[in-house]
Structure formats: structure tokens, C-alpha cells
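One chain comes next, on its own, written as C-alpha cells: the form predicted alone.
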């Protein structure tokens, strides 16, 4: 299929094919050739995938906007909705599972086919019957738990990893199914979903979700997503614990994350504190905790590097040896430096703990510890 034929099929704001396809990258996996949009362009979402051999399209997942102030943010974002659904926003790795050339594949947000996540999606979802009945739908899911190759967050009921379907979309248009239909469909096929906190009137939702957010914050969970009944309009709001945890992570690897990443989390925290903290002492305590989340991880990293250690993101995965080897090969394709921390067998499975070494942080801190100067 040539660019003009693809262009005629896609709902894009570009005026002609060349304007759009200059932003696509060619990749290959599992004997197939993919054209992938690595960034949102001309009305198409990041991660949109075109399968050259089959003519199939896997739409990207849209970026979800964020409100910084619950009231009037919720009312302003849903001016015409009679009610909105509130679900938990899970702390994991976003993937789209679609049937391509007859088999279920898991695509990352950037449009890559991850062999490990594909295998886990097949294990945990068993999606064959769903795709037999609905080949033109895709499952949008979060891979969560302490043992995943991309994120690591503890949930009390998950020992290794799990997958939760938070959206189902039409692959040709990218449009979501209505919330109630999606939840019903997932129940029908046995797909687990994020916790649901009910339907709320947008005029009173801000007050109604405060207790939900307080409980999520106490459990160090990420936050909530609010959706119109159609599923087409949605907005997210995150907890204080999430802001502090993200800052702690970023400052533990201070030369891997841009200033925009850090500044945006500080701004979120500032607006949330201004809205929700009306007790001066609680605000001061929050400020102390914020400072600790910034300073303590950075000092720990500096001390570790001074002692000759490497630093980076640590992950644990488990499965058959071939699956683990495929994952490592996939990660090395991104020129990552991987350090194997532990490699063992447990209950017939290979359990691997590895570190994605953060060379910028190691090199810069080494340089300063050796007496290097900062040119500001």
C-alpha cells in the first residue's frame, strides 16, 4: 500500500501525504514491517502503527489532559455532561493489544512491539476469543506490579505482574467504546479493570472524590481518571504521593530527566497544596516531605557513585528463558546499558533482576566528585 492509499484511509489534518509521512519511521518485528508515528502529528496520536503487509492500522493512544485544580477544573472540563465516571489511574506501563496478521501483539505507547509484554498480555488476558468476536477492536491496558521491565510499583494484591484493561477502542477510527459498554465487555471476557469509584455529577464531583483521593494517597497510589459516558472526553488528577514519588525517582537520577519533567511535578504539587491544604502546619509538613523527596534520593545517588557503584532503574521479570532473552535483546536495541543483578530459577521459571544503567548521571556525578566545575 503506497502513501496515498494510507493517507486516504487516515483521518488526518495534513494536506498531502508527504506532509504526514515524513514523520513516520519504518520498523520491523515478527516478520512484519511497520510504519510508526513516533510523535503526535496532524491529528494522529503518537504510536499510530501501519502494517505494510496486511494493511492493518493500530491507532495510537491519545495523551490524557490533566487538571491542576479540582474545583472548578472538573466542572469546566465537563460543561455538558450529566454525569462522569471516576476510575483509578494505575501506575504501570500503557500498552495496546491488537490482533495483527492473526496474532495478538502488544504495542508500547511509542509503537514498538515488546516481545515480553506481548507474551504477558497473551498469558494474562487470553484474548483469542475476544478478537475472534471483535477483530476490529483493540484493548488498551496497563501492565502493573513489582515485576515488569518498564515500571515497578507495589500493589498489595499483586506479587509479580498483572494487566488491567482501562479502554477498548475501534481500530479504524481510534474512537473509544462508551464507558458502560467497555466495562460490560471486559466483564464478559474476564478482563480485569481498574477500580471504579462510581458515577458523579460534574458539579459536585470535586468534593465527592476528595475522600477517594485521600485513600489513594495514603496507599501511595497514582490518582484518578474522570471520563464522560462516551469515553471520548477524559481528564486525570494525581495524588501528592505520586508527585513526591516521581520527584524522588527523578532526583535519584538527576541527569536523566529534563527540567520540564521536574518543574511540571512541582507545579502540580503547588496547585494541589494550595487547594487542599488549609492548615498551615499540614502545609509545612507537606513542604518538608517534598524537600526530602528531592534531596535524600540525590544524596543517596551521589554517595553510591562515590563508592564506585552504578545507578539506574532496577527491574525484575520472570518467565521462560527464551522470553527473558527476547526482552533483553529488545531493550538493547535502544542502546541501553544493562547490568544483570541477579539471575536465578524459581518454580521452573527464570527470574532476572537487571539495571538499566543511567550513564549521564554516573558520568556527570563522577566528574563533579573529581573536582569538575559547572559552567553556568
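The model shown is predicted, which means the values in this text are computed figures rather than measured ones. Residue numbers count along the first chain shown, from 1.
From this point on, the text means the form predicted together with another copy of the chain, which you will not see here.
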Which one of these stretches, 208-216, 164-172, 139-147, 248-256, sits within 4.5 Å of another copy of the chain in the model of the complex when only heavy atoms are counted?
248-256
In the model of the complex, does each of 65, 236 and 298 have a heavy atom within 4.5 Å of another copy of the chain?
yes
How about residue 87: is it within 4.5 Å of another copy of the chain in the model of the complex, going by heavy atoms?
no
Taking the shortest heavy atom distance, is residue 80 within 4.5 Å of another copy of the chain in the model of the complex?
no
Touches another copy of the chain in the model of the complex: residue 270 (any heavy atom, 4.5 Å)
yes
Is residue 341 close to another copy of the chain in the model of the complex, meaning a heavy atom pair under 4.5 Å apart or at it?
no
Heavy atom within 4.5 Å of another copy of the chain in the model of the complex: which of 128, 124, 203, 266?
266
Taking another copy of the chain in the model of the complex, which residues of 268-303 have any heavy atom within 4.5 Å of it?
268, 269, 270, 271, 273, 274, 283, 284, 286, 287, 288, 290, 291, 292, 294, 295, 296, 298, 299, 302, 303
